[in-house]
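Following this are structure 1 and structure 2, which are two forms of one protein chain, each written alone as structure tokens.
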Structure 1
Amino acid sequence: MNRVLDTTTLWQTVLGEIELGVSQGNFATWFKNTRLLRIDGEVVVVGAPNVFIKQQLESKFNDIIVQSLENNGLNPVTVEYKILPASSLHRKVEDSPVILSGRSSSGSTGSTSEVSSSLTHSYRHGLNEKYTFENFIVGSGNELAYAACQAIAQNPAAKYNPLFLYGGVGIGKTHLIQAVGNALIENKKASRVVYVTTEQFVQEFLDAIRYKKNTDFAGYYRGADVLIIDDVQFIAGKEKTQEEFFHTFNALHQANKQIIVSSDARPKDIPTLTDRLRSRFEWGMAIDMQAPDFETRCVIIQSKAQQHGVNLSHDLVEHLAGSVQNNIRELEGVLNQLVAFCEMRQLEPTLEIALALLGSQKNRPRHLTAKQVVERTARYFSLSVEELVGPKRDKEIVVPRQIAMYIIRSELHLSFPKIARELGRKDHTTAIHSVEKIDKEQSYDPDVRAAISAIKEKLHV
């Protein structure tokens, strides 16, 4: 028996499946702004925002798109790609009904009643095998989270249970928590690893209620040896789902099973999260993952470039690292655009091409000066520059002064004698001590990390 979906729902389903099979950077760069325009018989027309994305979809990703469309009931199918202005892609268009054959992703057929009754059984562990510890770049902003995840992969539920990772968008939380799951599966240290996004968890819970499969739903998640929940902030405000997750959490924790959770905010900052669930998130270890520093971004770019089989000059790596400050996903997207542009024209990636393609590098760290760092630090702490570089040794001044030295060292790579002079110190050992002290404190003090992050962000505005 056939099913009827509208084009928007169908394409969102297709994109959801594709997202599991490609890296986050590739998905954000090549798929995020696409849309299913229409279906003419056996031809599916997909809209792309520009010629580069259109050519990449045609040459590299057509097979995965066709396969996903077939998995969702369109078979056989040919895909055509059409370039549309960005305004057209973001403007809401009227959905058209699409009749789909009653196929599951495994290719089996069945009636509508059979599809309905099996919805709560169509779970997937959802792990992307590309996310491993081996290709995760460790830096000062994520080394604590990395160490905790490594410990869990070696001995789940022994400590750090639950593990709660939080931080901004695109800084590697999903990569890291999935790396735990992949390592456990590879080493066979856990018989059942379940990875699920909160969006999927919510949808499956609603399906379980709709089709009266609550017992199957609960049994599936509470039978996990390791449960990994991504983007848990989206559970906020959903009272029934929170209640179900609360009971799932309790059952797993009581059975000494490992729970790993990621979020864009720490538990106490998630709005409309129930107190009892918030308290359970804080039972184990909560770790703040920070945006990668300049050196880490350079290493990430070099690593991703090697995966593409291209070599980048030092100047080009620095340019790309300076173009995106806080989001690894965007950083990978920028590199993807450059590599794709050069591949299509059989060119070697150069700084000149990057400048022409991606625009001027307004955020390049080497354009900064130590004076700017001092001014921004003083402004952040409501001090004057004279106070920051003056002789006073009050704690309210010494700590900001040390933070300024740390930022100058990490962003501008000045020598310690130069750093000392910029902050009005005569002895360069003061600068050495300050940088080492702040480097250590920022690994465990959220206030110090927040100050460093805020000042760095202001430096590039």
Structure 2
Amino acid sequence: MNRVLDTTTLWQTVLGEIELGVSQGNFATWFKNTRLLRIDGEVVVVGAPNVFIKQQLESKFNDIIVQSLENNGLNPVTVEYKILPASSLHRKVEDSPVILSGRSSSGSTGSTSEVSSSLTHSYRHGLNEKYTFENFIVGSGNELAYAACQAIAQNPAAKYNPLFLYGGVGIGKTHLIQAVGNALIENKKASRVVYVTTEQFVQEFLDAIRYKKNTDFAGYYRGADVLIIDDVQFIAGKEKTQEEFFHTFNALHQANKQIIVSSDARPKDIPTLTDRLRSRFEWGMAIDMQAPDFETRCVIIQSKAQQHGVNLSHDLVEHLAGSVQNNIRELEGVLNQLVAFCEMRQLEPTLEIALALLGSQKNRPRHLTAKQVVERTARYFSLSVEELVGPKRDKEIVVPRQIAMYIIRSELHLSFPKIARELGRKDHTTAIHSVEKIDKEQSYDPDVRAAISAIKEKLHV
């Protein structure tokens, strides 16, 4: 969202929020003549009128500034403070677009060498590096999709354009299309690779209209070399966004840029997709992805177990592969649960332990609800549900709240606006930010991981 906000508007919003959190005197003294100078990747540069104010902002107010920037969609954020030149203090700064300046001027140039590195940097790929071809297991159900994605990674916009991947939840669509993006960047086949979820695209579009920055938005996406748009079914029914996407699509396609789209259904089965967008999706190659077969699931489990640094016996692998058939994310979840359970108790994972754990899986309520997740999370952290969904921003509450959002997302796959609502937040970017944050943290923070698996364990009893 920040892409389409200009710095002035963004900073005004941030200040508005800070104003609520500090005394009037403090606000007038320390914040009044500050500016947001620029955003360099993850570094936000804030200008202060003099050295004294600069020091105060650094030492006393950094946390609140960072928090408020995060609340407004900039994440993760490091803030640097600079002293504003005296001349600039009285001049009204012009709105400068955040991050995106200059992107559309070279919008149709293709090769890496033509793209200046600063411009490249300004493209926020949105890719998660953990999704690679190397750690994607190929088998029945995904081999065609894999081959098409490999071909695109070798030679974008040559053959399958657009590539439309569709299939059920948790079968590797996101993994595969992000792997293309990561490979393209790594092999320097394309630099301005943009991955975006449809939810994010829709929200940015709405923000662009609201802040009248539509050209920034359009320019950003039309300036990409490769556009990867995930879960396009969420565009259904949003006619204005569809129209915008239609134009983006045409512009990219005409400029011979690669477009990759994923969805939970084939174009003709997405309700309320405008005909012309549907026909665009049908131009290229549509590939159906299916849940991998038993053998492939076994290999996936072995490979994921190795990534955890544990060895599983053959019968255990087969048991796990048999227990979850249609959803690799769920399969991973089961494995993670088993590994975490054993790690905490310093046990070797065995079939017996898995049976005990998965036995309870079988009984898990069919319709797990977000409310249940919220309740369990609150209980785990000894908070009340009211506190968890309430307005307080203390760290002791914020982290559990973020964990609850993460679990709702990973277990129930609710949309971000819904997740935000379940936790009493108005702004869905809070949910996006929380889920991403916890996803990252759980990879290195054992406490977070333990909390998640303990809460999930309870959910499944």
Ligand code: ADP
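It should be emphasised that the depicted structure is a prediction, and the values quoted were computed from it without experimental measurement. When a residue number appears, read it as a position in the sequence of structure 1, where counting begins at 1. If you superpose the two forms and keep the largest set of C-alpha atoms that fall within 1.5 Å, you have the rigid core.
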Structure, 1 versus 2, that is the form predicted in complex with ligand ADP: 2
Tell me, please, whether between structures 1 and 2 the C-alpha of residue 143 is shifted by 2 Å or more, with the rigid core used for superposition. no
Does residue 375 move its CA by 2 angstroms or more between structures 1 and 2 when the core is aligned? yes
Can you give the C-alpha shift of residue 36 between structures 1 and 2 in Å, rounded to one decimal, after superposing the rigid core? 29.4
